[in-house]
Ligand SMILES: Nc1ncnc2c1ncn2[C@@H]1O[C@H](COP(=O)(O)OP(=O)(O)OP(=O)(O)O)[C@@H](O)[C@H]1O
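First, one chain by itself in structure tokens, the form predicted on its own.
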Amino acid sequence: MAVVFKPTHVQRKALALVKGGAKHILLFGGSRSGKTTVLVMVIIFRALMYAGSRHLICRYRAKDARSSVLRETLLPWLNNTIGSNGYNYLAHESMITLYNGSEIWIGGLGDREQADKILGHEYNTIYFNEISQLSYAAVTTAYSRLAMKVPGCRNLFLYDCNPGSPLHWAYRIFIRKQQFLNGDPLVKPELYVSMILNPEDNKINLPDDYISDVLDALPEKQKARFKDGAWVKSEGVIYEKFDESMILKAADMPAGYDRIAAGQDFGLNITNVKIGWVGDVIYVLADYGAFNMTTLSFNEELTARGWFIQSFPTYCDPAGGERIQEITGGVKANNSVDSGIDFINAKIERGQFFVADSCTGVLSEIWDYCRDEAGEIVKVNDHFMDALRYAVFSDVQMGVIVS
């Protein structure tokens, strides 16, 4: 017998957002608050309602999307609602076909082959799960795939996350109602809506001691994030002492620089960060990132943006191999991770490090760039941080500026 989804009062309010006129809907909040369940049920309902429709659930890593969304939420609810005979799961394709011809795809945006595969189709719904791990470039690249036309079906973008820092792109867009790249007000703010769901709102579906014995026992920052759904710096932040006083408007940046350098990171999320020196002080002047773009095309885009008006070295990820030759002024970077981080931290502590407010890539990562409990750097959303370190520390190693 099919099981009827019985949402809590707060979950019903979240479902009401989906029925409104917004095109972008974000559910954020603490751990085990029911965000994923709500949005998965929305996708199931839409797939059943509109025969032949196609829907995408994506995360940074495909394996995480399969374990946390597919196996823990999507498949159990499909079994509960339409039964195992009502759908077919093709594991090698990470795709579910329903009895009415609708499809639900599951994938990751952090792997080039996976990204090419899932972004090769058009969809009626794209659900970005745990967007605190996704770059703005990755998400906006997927935007063009919300283009499938099914009569009566209003195409939607869905998002969820445990909130990160207040500099994250989602906070700027959904909470501040600003365009991420320039800070201007959203042209159509009514298309972007958000709602907070916390564990307390989903208490009826949680173990009796989950909030009191698990969440309340967390360190303060983690408790603020995973219990209260607050946008705060992550635990173990590497550049802990970086603060908003170090973010400068264009008018407050120096008129000229003693020298300029850049750092280049390769990969599916390709990034470049340009810095300038005035004496011993570092200024992060500009950054640019793209998703699933070739190195040559990326360099052409930088050139079109006037990136290389001055002549300066671009210190590239040494693992880039032949791609380094495709970057203007490209040379191998010094990839001493801990030494580079220590140097930047020393600059921050001395008040010798500033970032232009237009550097949205650096600013979206710097407060979430952290180490895990084992002391290892969390390799998610760190592409601008790598490029920044290549620029700064490699330039220092040239022996010109050593303070």
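One-based numbering along the sequence shown. None of the values given here were measured: they were computed from a predicted structure.
The following text describes the form predicted in complex with this ligand, which does not appear among the structures shown.
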Original post:
Which single stretch, out of 359 to 367, 50 to 58, 26 to 34, 342 to 350, brings residue heavy atoms within 4.5 Å of this ligand in the predicted bound form?
Top reply: 26 to 34
Original post:
S165, S194, T141, N162: which sits within 4.5 Å of this ligand in the predicted bound form by any heavy atom?
Top reply: N162
Original post:
in the predicted bound form, which of the listed residues (N272, T125, N202, S102) lies with a heavy atom within 4.5 Å of this ligand?
Top reply: N202
Subject >> Heavy atom of Y136 within 4.5 Å of this ligand in the predicted bound form >> reply: no
Original post:
Can Q11 be called a contact residue for this ligand in the predicted bound form at 4.5 Å between heavy atoms?
Top reply: yes
**OP:** Decide whether F298 counts as a contact residue for this ligand in the predicted bound form under a heavy atom distance cut-off of 4.5 Å.
**Re:** no
Original post:
If you check in the predicted bound form, is L206 within 4.5 Å of this ligand, heavy atoms only?
Top reply: yes
